[in-house]
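The data below hold one chain only, encoded as C-alpha cells and taken in the form predicted alone.
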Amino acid sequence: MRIPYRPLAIGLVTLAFSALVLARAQAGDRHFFAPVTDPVVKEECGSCHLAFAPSMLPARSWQRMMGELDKHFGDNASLDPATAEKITSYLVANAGDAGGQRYSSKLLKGVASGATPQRITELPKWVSEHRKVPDWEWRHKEVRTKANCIACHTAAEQGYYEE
C-alpha cells in the first residue's frame, strides 16, 4: 500500500507556515498597531512621513491635529475640506480610545483623560520604552528624529514596532 506523501507534505508546509505567522503575531503582539489601510490617509499623511497608526493617539488628539493642519509641526499641511473630513473620520474611528484597539491602552497609559497629545513620541509609555536609546542615536543621519520609526522598526509600516 502506497502512503500519500503529497497531502502530508502540503499539510506539514501549511502547519510550518502557520506556526511562523503565529510566532510573529505573538512576538510582536505588545508592539502591534494596525497600520493605516485607507488609501487617502496613506497617500496624504504618508507623503511626508510614516502614516502613523490611528490607534496610537486618542480621538481628541486626531481631531485637534486635523483642525490645525495649517501649522502641522511647523509646516502647512492644509487639505481641501472634503479630504480633511474623510481623513479625520478615519483617524477618529480607529483612534486608540475608540474601542477594539487591542494594544492602544498600553501606549496611552498615563495620558490624562482630557489631554490631547500631539506627538506620539511624548506619550509616557513611548518615552519609557525608548529611555535607553542614547541621544547620539537620535541624531544619526538615518534617524534624525524620534518620529522616524522606520529607521529602527523596519516593519513599522506593517504595524510591528518590535526592535
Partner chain sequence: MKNMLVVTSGIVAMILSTATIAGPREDLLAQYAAAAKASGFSAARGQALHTQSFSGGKPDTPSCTTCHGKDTRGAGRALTGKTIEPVAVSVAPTRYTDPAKVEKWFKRNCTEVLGRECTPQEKGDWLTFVIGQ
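Quick caveat, the model's predicted, so the values are computed rather than measured. Residue numbers count along the first chain shown, from 1.
This next part talks about the form predicted together with its partner chain, which is not shown.
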item	value
Full three-residue contact with its partner chain in the model of the complex, heavy atom 4.5 Å, for 43, 79 and 145	yes
Its partner chain contact at residue 113 in the model of the complex, heavy atom, 4.5 Å	no
Its partner chain contact in the model of the complex: residue 85, any heavy atom under 4.5 Å	no
In the model of the complex, residue 49 touching its partner chain (heavy atom, 4.5 Å)	yes
Which of 134-142, 54-62, 91-99, 31-39 sits within 4.5 Å of its partner chain in the model of the complex, heavy atom basis	134-142
